[in-house]
Ligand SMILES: Cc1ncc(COP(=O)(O)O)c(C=O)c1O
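Just the one chain here, the form predicted alone, laid out as structure tokens.
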Amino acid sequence: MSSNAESTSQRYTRSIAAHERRSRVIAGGVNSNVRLMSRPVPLTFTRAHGAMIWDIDGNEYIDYAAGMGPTILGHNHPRVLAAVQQALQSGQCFAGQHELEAEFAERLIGAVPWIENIRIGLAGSDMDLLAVRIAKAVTGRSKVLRFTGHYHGWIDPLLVGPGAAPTPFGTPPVGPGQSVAAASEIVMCEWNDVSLVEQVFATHQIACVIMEPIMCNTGVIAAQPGYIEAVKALCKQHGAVLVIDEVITGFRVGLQGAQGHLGITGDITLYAKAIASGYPMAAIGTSRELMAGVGRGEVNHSGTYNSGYLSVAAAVETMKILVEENPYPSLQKNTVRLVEGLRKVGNSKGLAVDYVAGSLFQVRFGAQEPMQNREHFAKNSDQPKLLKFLDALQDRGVRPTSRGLFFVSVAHDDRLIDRTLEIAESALASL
């Protein structure tokens, strides 16, 4: 065994043992396939606080994975923790309603003026499926247009399997066990090309177009000027519904999400992740008209754990903090400082940092120019080199996501950003 392999093994001894134990009784040793990508094995964590997280071996990390985006206030924010602890005294699963549901809905609608009605669920995948169901019900059509490199949950028909993307558009590839019949209702093309959307509308009866307003599941990529506006106009022209998936960007790009930042809104908006500071909750928001079928019970949306008391308590307190304290100017300032610092230390090593707005960004090795879509990103991202860099960061105590996405929280202060830049420079030097 090489010295590097030995040092890695020693650093993660207990995580390796814990992973082996889990793997005997849990498929792959994880409960989300995204976590399979962790190295040297999916790590085991014991606690987190603020911007820090600790693994079972006692290693300390500046945490930019942020629970894959939810902990915009940092781990265990005292006000959110207090709200959840108070809620614990009342119960969790009532098989009925509670007063916090209305309070959350009122606060969300008050913050996001284009929403009139909501429903609460557990995860972004739930809300994506409900949005598609609503669109199909109101239009009487079955086809959905989605974009290569965007992500809208792990459930059929919206999950895209491995394989070549259709060109210029077509049915997406499916993975083992996925429904070919369900996938036949999906039309997929590259993002940021209005002509492709025009071609799809010319050849298909589309119920809805679903997109991330900033592409965050393959890099961090901005919409071209006028692109979302053009797609919205095409949807209106052809009687289709525009669904904006703000599962990642909601409350992270700003209080009104990417739509507020860009000044363009869809017909249906989806939220999750930062909505409840890491507690399991998601929401869909739209007009009363589009939600009417759900409210009458005609368009089904059900779930035993929807609007769990603890999660809604966390969401209400998160909304209060975001409105009362307005952390967004400080969040953006710190994020931009980290982005600019990484560009400065990494430029000579080929490190590119893709940033659009808010408190998230992507690192990669490739062309410094802004990326346009999934294909452009793939051609300009040296994945083996990125993985080596991410390993070097982790070994030195900085933890982004396993694909190089960074989420900055309120708890990341100047000291931690300075330390991150020092570690990044050392990690780059080791490549």
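We number the residues from 1 along the sequence you see. What you see is a predicted model, and the numbers here were worked out from it, not measured in a lab.
Not pictured, yet referred to below: the form predicted together with the ligand.
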Per-stretch contact check against the ligand in the predicted complex, the hit in 150-158, 295-303, 309-317, 102-110 (non-hydrogen atom, 4.5 angstroms): 150-158
Of N117, Q259, S125, N334, the one that lies within 4.5 Å of the ligand in the predicted complex (heavy atoms): S125
Interface membership of D354, the ligand in the predicted complex, 4.5 Å heavy atom rule: no
Non-hydrogen atom contact V247 with the ligand in the predicted complex at 4.5 angstroms: yes
is_contact(D267, the ligand) in the predicted complex, heavy atom dist at most 4.5 Å: no
Close approach of K273 to the ligand in the predicted complex, 4.5 Å, heavy atom: yes
Residues of 198-218 having any heavy atom within 4.5 Å of the ligand in the predicted complex, listed in sequence order: E212, N217
